[in-house]
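Quick heads-up: it's one chain on its own, the form predicted alone, in structure tokens.
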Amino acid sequence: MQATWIWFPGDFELWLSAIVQNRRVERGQCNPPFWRLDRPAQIVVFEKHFDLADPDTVTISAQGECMAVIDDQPTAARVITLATGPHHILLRVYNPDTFPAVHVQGRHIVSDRAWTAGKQNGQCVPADAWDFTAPDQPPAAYRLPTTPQAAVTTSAGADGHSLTVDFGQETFGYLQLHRVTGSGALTAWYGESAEEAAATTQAETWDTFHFTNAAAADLTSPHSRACRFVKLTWDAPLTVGDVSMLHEFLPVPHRGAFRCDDAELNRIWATAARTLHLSSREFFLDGIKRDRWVWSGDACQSYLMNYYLFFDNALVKRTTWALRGNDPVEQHINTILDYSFYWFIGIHDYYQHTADRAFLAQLYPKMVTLMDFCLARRNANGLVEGRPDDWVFIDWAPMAKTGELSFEQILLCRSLETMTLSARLMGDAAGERRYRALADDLRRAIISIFWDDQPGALSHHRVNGHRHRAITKYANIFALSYGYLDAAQAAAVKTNVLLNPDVQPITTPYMRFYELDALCRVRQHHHVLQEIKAYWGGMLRHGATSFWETYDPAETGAQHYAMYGRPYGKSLCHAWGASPLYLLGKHYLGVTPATPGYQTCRVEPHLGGLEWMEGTVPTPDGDITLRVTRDQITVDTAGGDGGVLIIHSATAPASTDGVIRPTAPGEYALTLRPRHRHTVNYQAAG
């Protein structure tokens, strides 16, 4: 039996997130987060009872100072032989520097999640673990791996003491300088664009190194940086031989795939995959150049993209723990009103894709306390609105953010639905009743207060009891996607908001994610495909090798790189730019979990004007693969209990793999068997 290092749930993530998020360096100085970062416990007690059928010898390793108590007797020994019969092992570990953890290895006795962990407050919970199995490699030694990366081009400056390096595409890692001789200072100016690197002091990041080398020496920067270009400038006495990079990465395979007859769309998918992978590190980060922080809104989208590319559950769980922190709750996650709600929504999506009840059991107490905080900050009308210490974000766009915003009520309602589901799964009947009643009441209030029949849409906000008639897309998108609108209201929103050019457009990939998702839900697949090609294809046509934080087609030249009042403030590798992974996997390949954890699946492909497409969508029990042409659909299912294939066809489809039944005009269904290839002949409509 293989032992693993164990710790109190969330402690590893709290320790690691503090390290990661304090690595941000901006324009020559450190820039730590402006919200509270919590520390793990300093003392944790690990224990378990055993009943041995034969003797066992165990080796105890600890991350920290450990007091071992075996069968109520303290012992300083770390290799212990236990006789046949019952035993109780208690390990009290003190670690003020990283976090307490233990590793216990015997033939029968091993440390694992069956142990309990407690913070000496009378409450013990199941311990947590990950992939750390070697006793001499504790979790605090965790580092991402690196691999050498050579420059694509190197060009020397005319002054004889400068050099510009192009790595060919966005990358992340540690700069390496080879065969540096002489004494003096060298500065590396990093740029996601050539213009940023060339701008030197206007760049967002740079490092200065000092040398006193009589003979040629190599240097690897101690700091990881994001860039494509690096300009080196140095004092005249120095000489530099060569430049390379140690590329740092998360070793996770791409299980998802997409390919079609449109070469540009294939490039968009591949670039989105690269963008997400670069931003997927110890946690899901927003951007790898500037922030390098864990933001709840960004993470919520990254989770969904992950389910169509990696299906890395550990990365989702690490990020969820890091965002939540410890009790008591004193402010919204990331200080942002909407971001506390996205934390709940991310948990809802995680359960739908994984059916991981054990993780919900770990989180549930902290879900309750965060929801208590959110509910306590409602106003006298039972609605949330921004307080002086809240950042009401929604999106990077000019809009009113005062009063009762319909968008925020919708996110709270979805969060209450998450609490209802979680309470039911945890057997908390009183909690389930409470959260369901709150969600039902709020859903009715949203329509009653904010629905305006004249434009046929939800209004943006209400201030001091007065509903303003301004219409924005945000609340309408989410209400449509969450099923809060009846059929007539949904049809009105589709026409009056989603397809209305007079409504303020969305220009960030962040909210385009939700906008295009909603358009696909109302069967606008042809339109959405053209939007993907125009928007994300537009970035490619401007030379993007990863997708950006924002994109405005009306901008030209270096205008594309400016943000926050700085000429190169924009992130050119931003996780929320990878939306096509989710859109193409969910709405074109059409694969979704019909029941939690893909116990049953739903496959509803839409070509959206393509001639053919093929791809793979990962699930907890294998991959679902499809090939779709205009006259044939082939689906290879994963495990579970099968599912259903929805076919949109101009004529009645045919298959030898089961009975196809009509479900609506032009729509048919075939029951899918697990681990089976299904072939359907049909005629694509449109």
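None of these values were measured; they are calculated from a predicted model. The first residue of the shown sequence is 1; numbering continues from there.
One more form of this protein, predicted together with a further copy of the same chain, exists but is not displayed; see below.
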| item | value |
| --- | --- |
| Contact segment among 41 to 49, 613 to 621, 631 to 639, 657 to 665, judged by heavy atoms lying within 4.5 Å of a further copy of the same chain in the predicted bound form | 41 to 49 |
| is_contact(Thr133, a further copy of the same chain) in the predicted bound form, heavy atom dist at most 4.5 Å | no |
| Contact flag, Leu37 vs a further copy of the same chain in the predicted bound form, heavy atom cut 4.5 Å | yes |
| Contact flag, Arg357 vs a further copy of the same chain in the predicted bound form, heavy atom cut 4.5 Å | no |
| Close approach of Arg27 to a further copy of the same chain in the predicted bound form, 4.5 Å, heavy atom | yes |
| Those residues of 53 to 84 which, in the predicted bound form, come within 4.5 Å of a further copy of the same chain by heavy atom | Glu65, Cys66, Met67, Ala68, Pro74, Thr75, Ala76, Arg78 |
